[in-house]
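Encoded as structure tokens, the following chain is the form predicted alone, with no partner shown.
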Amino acid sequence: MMARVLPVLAVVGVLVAIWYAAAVSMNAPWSRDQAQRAGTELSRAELVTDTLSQRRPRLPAPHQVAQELWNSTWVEEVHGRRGIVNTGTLSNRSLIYHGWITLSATLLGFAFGTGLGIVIAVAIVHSRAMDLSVMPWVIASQTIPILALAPMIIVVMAAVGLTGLVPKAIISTYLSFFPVTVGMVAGLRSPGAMQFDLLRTYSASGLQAFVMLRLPASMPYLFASLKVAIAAALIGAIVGELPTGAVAGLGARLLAGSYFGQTLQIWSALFAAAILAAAMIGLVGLVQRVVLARMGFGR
């Protein structure tokens, strides 16, 4: 166990050290400028301390991001002249609230993208016309920048009365169906000719060959593509929140942070998105191990 954990910790340690060094370097000009305006001169230790504790740093230090991530997640109730300002972790200041908004669109888009990708893959494998006509368009669809496509989707959906969750889910679908399609096509085509010949000797129909051979053989490919697809779906949901001026979601937090120069808010939202993606990929991996073990893979 330690042999597997230590290399990871070593890499993380090196990255954190580089991050701290970059934060000191990028934030130092502001600290020197403020000290010069005040007619003082900072020692090296004071300079390092100041660069790692600025309220609006160019590059936040790791501990600042961690603190902001904690504060933005576990928001406490604040009592003011107008009563309670927020309602704890479910308030609109909490990353749990914003993460749930983004997660809802992500899961809906991922479900749509997975279903669409599987249907297209099955059609491509069983129809040469589909293979020659649709597959090139599936590949070409991913050459369109999503940042250019997202506003168009939002405007079109709003014109037909669809706003909120659905447009973001459609953008997630657009990004997530491609890896599922490509992975399933490779998986459905993975069985060898001898395996198909064996089924023909038993007079198996095309449907039986699909259910008994093609589909089981495609499962490892499917789960590998699902890990990519669910991360892409999260990206699509966040991108879908940017052109709408959304007031909720991780994309809205990124947008608000960029408007007001709140770098700590931007970085905390980025790390929240990364943690959310890692959790979803881990969940897919857990389902993968259970399903493939039940099917006899890896024994």
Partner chain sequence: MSAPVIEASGLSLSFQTGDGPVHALKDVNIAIARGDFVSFIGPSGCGKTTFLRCVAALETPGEGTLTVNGMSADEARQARAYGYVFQAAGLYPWRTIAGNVRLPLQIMGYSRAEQQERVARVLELVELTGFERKYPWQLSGGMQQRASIARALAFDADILLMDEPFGALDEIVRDRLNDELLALWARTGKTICFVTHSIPEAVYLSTRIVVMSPRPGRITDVIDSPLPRERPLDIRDSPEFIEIAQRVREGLRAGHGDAI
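Residue numbers count along the first chain shown, from 1. Treat the numbers as computed from the prediction; the structure is a model and nothing was measured.
The same protein also has a form predicted in complex with the partner chain, omitted here; what follows describes it.
| request: Select, from the options 102-110, 214-222, 170-178, 125-133, the stretch whose residues sit within 4.5 angstroms of the partner chain in the model of the complex by heavy atom distance. | output: The contacting stretch here is 214-222.
| request: Give a yes or no for Q208: in the model of the complex, does one of its heavy atoms lie within 4.5 Å of a heavy atom belonging to the partner chain? | output: Yes.
| said: Can you work out whether M295 and the partner chain are in contact in the model of the complex, taking contact to mean some heavy atom pair no more than 4.5 Å apart? | reply: Taking the distances in the model of the complex, the answer for M295 is yes, it comes within 4.5 Å of the partner chain.
| query | Would Q195 sit within 4.5 Å of the partner chain in the model of the complex, counting heavy atoms only? | reply | Yes.
| said: Can you tell me if L199 lies within 4.5 angstroms of the partner chain in the model of the complex, counting non-hydrogen atoms only? | reply: L199: contacts the partner chain in the model of the complex.
| task | Heavy atom within 4.5 Å of the partner chain in the model of the complex: which of I146, L165, A204, V228 fits that? Just give me the one. | result | By the 4.5 Å heavy-atom cutoff, the listed residue in contact is A204.
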